[in-house]
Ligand code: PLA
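The chain below stands alone, shown as structure tokens; this is the form predicted on its own.
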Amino acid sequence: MHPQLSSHPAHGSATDRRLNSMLRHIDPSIASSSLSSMDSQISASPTSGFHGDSVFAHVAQAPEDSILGVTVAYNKDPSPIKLNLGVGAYRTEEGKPVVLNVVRKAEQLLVNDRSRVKEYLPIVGLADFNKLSAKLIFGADSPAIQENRVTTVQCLSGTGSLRVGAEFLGRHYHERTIYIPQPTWGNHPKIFNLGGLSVKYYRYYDPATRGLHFQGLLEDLGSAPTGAIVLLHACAHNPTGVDPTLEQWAQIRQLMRSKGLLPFFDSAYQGFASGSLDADAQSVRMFVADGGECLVAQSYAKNMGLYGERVGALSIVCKNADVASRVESQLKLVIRPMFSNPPIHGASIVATILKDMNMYDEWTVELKAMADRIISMRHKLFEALRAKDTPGDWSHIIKQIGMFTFTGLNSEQVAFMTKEYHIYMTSDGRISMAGLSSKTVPHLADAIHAAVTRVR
């Protein structure tokens, strides 16, 4: 028995035909003439969408993301001297975004390959991409890879990799607490909370020295409950640019293994920090070499400039191949209802570059050039501040590493620089060194000098 449908006069014959087509799919026995006899039921529902306020009228305006909001404010500023040091993306000396030459070559190869199709990838992603990503971070000769103890799944850049890892741990790990550095990337606590984990902090940055609070780090991890998860930045800590030395990493590893703490590495800047892919992976490889378990989230946003392609991977190093296989089966159950399967284009670019020796070599040259330009901006800014005899010790600018520098400026000084000099950065004083150029360093140095001498 079909519900009676009315042919509303305002609907017209086109609507009748659409309804008739729909009903034929439901029951082919329904003839088109039956529409004329169906009445009294179809009418516009008197919802609040049609009458009165929106059903979403109670929804409050959310605040801007603290980082992305900087760019929003920058875009609204008409000043010709404005400078955006909040964006976490590489810029050329001319202040322009860049697409690596090797990325363009890889894309051209993919476009010209007529055998390529746009079918769905498997849930875990592109097989070549996963295999090559694991080799990139763990090393081609890694025993963990050779023993099939690593499972790698393609995810939506670093953020998606962290999110999948968080939900997996929330479902399957016995300890629901994750310790993250203070400070850390603003998205970290949100990602882990939504994944079902409880977030606590360990001391990391020392404002007095503008360096690592190593003793505080050891004390806080030493007092963490056995089995707790610990988030570690593989290199180029965001937002501070402060990394442990290799000797300090060795102590951190020893402490964490003795306490049974589970490392979860966020590797967003491999090769982008020092210019060396191997050097920037040393912390991760140190933890894998001892045979213990860990998680690693990788991103190709920075080191291949694939920001908008959202290319990343989550690797979980397990005790043996059997555990790795079962872990992968559960990762599929996390990914399937989240984004079903990952996108193909960006992963294909990465795989094309990583599996071709000539393209790989070209990539490493371009990668080092980006890292070197950022390092040179650090030295230029340091020298400019020293030439102005700006109060304070600014050596942390050249001691820190990676895309960001934690200047030590307070929120009032940042607000002053924005108002008076049209320089935009996050309120905690973090600046993106990639947003600087030789031409803009003097302007920034002037602003910093004015801020520290006029605003306390």
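Note that residue numbering begins at 1 and tracks the sequence as displayed. Quantities reported herein were computed from a predicted structural model and do not represent experimental measurements.
What follows is about the form predicted in complex with this ligand, which we do not show.
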- Task: Please check if residue 268 has a heavy atom lying within 4.5 Å of any heavy atom of this ligand in the predicted complex.
- Result: yes
- Contact of residue 163 with this ligand in the predicted complex (heavy atom, 4.5 Å): no
- Query: For residue 430, is any heavy atom within 4.5 Å of this ligand in the predicted complex, or not?
  - Reply: yes
- Quick one: does residue 185 come within 4.5 Å of this ligand in the predicted complex, counting heavy atoms only? yes
- Note on the structure: Exactly one of 130, 352, 84, 159 comes within 4.5 Å of this ligand in the predicted complex through a heavy atom, and that residue is 159
- From 88, 181, 305, 263: within 4.5 Å of this ligand in the predicted complex by heavy atoms is 88
- Hey, with this ligand in the predicted complex, do 68, 233 and 299 all fall inside the 4.5 Å heavy atom range? yes
- in the predicted complex, which of the stretches 119-127, 250-258, 150-158, 273-281 has residues with heavy atoms within 4.5 Å of this ligand? 150-158
- So which residues in 235-249, when you check this ligand in the predicted complex, have a heavy atom no farther than 4.5 Å from it? 238
